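The form predicted on its own is given below as one chain in structure tokens.
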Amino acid sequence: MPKCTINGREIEVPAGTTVIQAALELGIHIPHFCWHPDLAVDGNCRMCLVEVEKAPKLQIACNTAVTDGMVVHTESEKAAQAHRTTLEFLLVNHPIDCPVCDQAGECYLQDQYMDHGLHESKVEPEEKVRKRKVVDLGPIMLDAERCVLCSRCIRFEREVTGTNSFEFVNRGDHTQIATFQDRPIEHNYAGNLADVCPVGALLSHDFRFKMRVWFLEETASVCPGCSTGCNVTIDHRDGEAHRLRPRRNVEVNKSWMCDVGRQEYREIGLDTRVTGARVRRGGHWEGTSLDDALDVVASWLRGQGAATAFVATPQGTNEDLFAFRTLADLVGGRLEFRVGDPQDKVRVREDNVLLRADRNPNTQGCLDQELGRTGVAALLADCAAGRVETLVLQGPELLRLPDAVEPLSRVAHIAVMATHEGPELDRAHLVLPAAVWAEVDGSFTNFQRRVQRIRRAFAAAGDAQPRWQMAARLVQRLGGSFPAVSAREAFALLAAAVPGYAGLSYGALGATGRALGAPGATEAASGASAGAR
């Protein structure tokens, strides 16, 4: 492997590594616009020019491969002057409208001017070149005057989605990006165009004029929209989520996420959240404390054994599933789970980018913990025959099935953990308020069998609690043991009990998760489970 020296620091890198990549490994940031780690190199912005000893002129760091013995200077006077000159030409026709630009605070041009510019322009045109502004392209808005012609959007459309919506039009200083006849972007990955744009030329229609980014807090998490498990960042303020952004994980989603997943933030703060427990008495709902509601559920379960049934949800975390399994095993009831309920999420087609037909984030976690034993169809048959006295649901999915209405009407006691209100909850006899994914610590296992962390961004609404915590409290009420007071400790119990998870911990999962190995037959098992249920 070649060794090189960058700003006096030596590094050894694999053959083919570029200077800009080697510098990043050393923590050295070389200014750039067009380079992106998950797009092909274009080398058109000329912002990443560096001085390479023995080279006749400055080289672009994004497309210069490291060679053995190479000595690179990224902050020499020649390199610094090149950076200033490039910025000066970019700013000749750029509208200085930072106070009203939504990209302010995360704009490459703004940041790099402060770091590498701060110059007095030597070019003073009589009038800036005017281009199109506020062009509505559906999910995104285009402001061509702010564009630095980096071609990131063009390469994203060509290489990732294969839609080729964008192109360069006109010539010289009138060049700009455009779609054919200003047609809107219609694929499921339009939000990524705003992410890859280094300036304010492409902005998310959904986030536009909503919030200044420097007011937002960031929390790393995983999208719950499907079994891909895209790594995301929750941007939130004062307990309210304002947007989701993709977080780079080369093994899962690279730097992308779908537009369907981006909308998951909307469900967190809806007015329809279940914020308190309630129990049906005399045909009417009565609000009650969570402790009292759990006492009621425990009284239903005590001594019932085979007359009880439990249905887990693949929307729950691994910790939720493990605590729920512990409860079912303690009581002696049967345990099932649903796979891919088509009525639970917006129906979308699976594609070859990120979207998967399984709209649940943790189906694989259910399979790994062997939660499906005889099938929900068999369970409903037992309900219809009167063989199930008490049914505890970890989510409301089963209540939404039309075929389940009649069998469930024959069950004496139905308790459900729910995050949002819905007409299906009227089919239960007791409702427990569950925290949503952004309000809990935990983990999901995606379809690749990669275990990934989700992190609590803010406090849960009302009396809502993580599902694993409510299950653990029921275990304790029934005389069992679940020695965990945090999700981290619950995961440690899971790792000690579930084959394949041995030796795992939150620390071992890190920022991008840990793969358990090839899924093997689990994809087939998932399909078979979906058919059986």
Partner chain sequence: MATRVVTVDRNLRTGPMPIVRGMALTFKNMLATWFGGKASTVQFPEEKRKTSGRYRGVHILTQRMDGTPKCVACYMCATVCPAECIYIESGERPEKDIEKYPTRFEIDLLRCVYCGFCVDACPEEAIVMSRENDLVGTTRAELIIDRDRLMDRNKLIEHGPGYRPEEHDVRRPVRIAALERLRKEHGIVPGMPQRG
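Numbering follows the first chain given and starts at 1. Fair warning: this is a prediction, and the values are worked out from it, not measured in the lab.
Unshown form predicted together with its partner chain; subsequent notes refer to it.
Residue contact with its partner chain in the predicted bound form: Asp102 places a heavy atom within 4.5 Å of it. Using a 4.5 angstroms limit between non-hydrogen atoms, Asp97 touches its partner chain in the predicted bound form. At a distance threshold of 4.5 angstroms between non-hydrogen atoms, Glu120 is out of contact with its partner chain in the predicted bound form. Although the partner is absent here, Asp368 is not a contact residue: none of its heavy atoms lies within 4.5 angstroms of its partner chain in the predicted bound form.
Note that among 138-146, 315-323, 245-253, 226-234, the stretch whose heavy atoms approach its partner chain to within 4.5 Å in the predicted bound form is 138-146. Checked against its partner chain in the predicted bound form, the residues Ala459, Ala385, Met114, Val134 give one hit for a heavy atom within 4.5 Å, which is Val134. Distance criterion of 4.5 Å from any heavy atom to its partner chain in the predicted bound form singles out Arg208 from the list Arg349, Arg183, Arg208, His284.
Highlighted residues Glu77, Arg158 and Phe168: none comes within 4.5 Å of its partner chain in the predicted bound form, counting any heavy atom. Heavy atoms closer than or equal to 4.5 Å to its partner chain in the predicted bound form belong, across 212-226, to the residues Arg212, Trp214, Phe215, ordered by sequence position.
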